[in-house]
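What follows is a single chain, given as structure tokens, in the form predicted alone.
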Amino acid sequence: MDLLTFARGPGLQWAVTIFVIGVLWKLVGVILLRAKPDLSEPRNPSTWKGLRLIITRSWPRKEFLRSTAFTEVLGYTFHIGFLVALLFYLPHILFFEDVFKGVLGVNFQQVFGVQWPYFSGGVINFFGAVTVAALIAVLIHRIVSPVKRLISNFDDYFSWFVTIAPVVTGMLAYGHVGAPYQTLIAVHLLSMELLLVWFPFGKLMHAFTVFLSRGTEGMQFERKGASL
């Protein structure tokens, strides 16, 4: 079995399986965490308004914006760039549609009534380059900042690596740079599979838990009558 066959077959199957089981395991574990009962009298009868914290905490308060604007902008830049390259590149879309049809038995257009939009390879390559530049800037900032360097651990650096690797390998495959095309595609797939395997067990899991934590925190603050 050559590298590309493995990456498209057993490697992909195992990576997706570990990703799905790992994410579900983590989410169920968080949901089932036992919290101490709050015996104090609630100051607000309803706490559902606290869910707005999910949105309001997506950007820092103006008091802290001056000191955190740099990392906030870089964070949004590489998140958006990564998602655009992942979700709006035609070969990726064809893969997702195959998975969609395999699971539900129907294609994307039949369910939503519209065709999955996509960008040209050149546009996706641009977003990939922006993503790589932002991730490199984030790494440099983490290294040169005394505080961030002190609180960083293996998880931070390895999560950075498995995030940037699929973008770099994808750009190399698009440009046919460095190796035969089949090898580049195989390495690109393997890098994405590494990301899927690591995702549930590292800090990348915040992509799911951030909404649970912010929503729970907002509802608790709302119950106490805190200003959000």
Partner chain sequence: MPDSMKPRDAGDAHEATLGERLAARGVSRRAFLKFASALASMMALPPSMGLVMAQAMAQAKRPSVLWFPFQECTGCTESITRSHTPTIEGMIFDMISLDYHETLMAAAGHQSEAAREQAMKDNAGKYLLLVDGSVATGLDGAYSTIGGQTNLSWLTEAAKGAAAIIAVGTCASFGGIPKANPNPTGARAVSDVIKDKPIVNIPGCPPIPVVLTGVLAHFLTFGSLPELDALGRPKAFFGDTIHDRCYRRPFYDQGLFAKTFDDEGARNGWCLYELGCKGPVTYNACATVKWNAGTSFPIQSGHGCLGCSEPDFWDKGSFYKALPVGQWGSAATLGGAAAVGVAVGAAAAYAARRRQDKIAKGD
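Numbering follows the first chain given and starts at 1. Source: prediction; values computed, not measured.
Keep in mind that the form predicted together with the partner chain is missing from the display, and what follows is about it.
Engineer: Would Ile21, Val28 and Tyr89 all count as contacting the partner chain in the model of the complex, using a 4.5 Å heavy atom cut-off?
Structural biologist: Checked in the model of the complex: all three residues contact the partner chain.
Engineer: Is His176 close enough to the partner chain in the model of the complex to count, meaning some heavy atom within 4.5 Å?
Structural biologist: So His176 counts as contacting the partner chain.
Engineer: Does any part of Arg34 reach within 4.5 Å of the partner chain in the model of the complex? Heavy atoms only, please.
Structural biologist: Heavy-atom contact with the partner chain at 4.5 Å: present for Arg34.
Engineer: Are any of the heavy atoms in Pro180 no more than 4.5 Å from a heavy atom of the partner chain in the model of the complex?
Structural biologist: Yes.
Engineer: Even though the partner isn't displayed, in the model of the complex is Tyr118 close enough to the partner chain, meaning a heavy atom within 4.5 Å?
Structural biologist: Yes, Tyr118 lies within 4.5 Å of the partner chain in the model of the complex.
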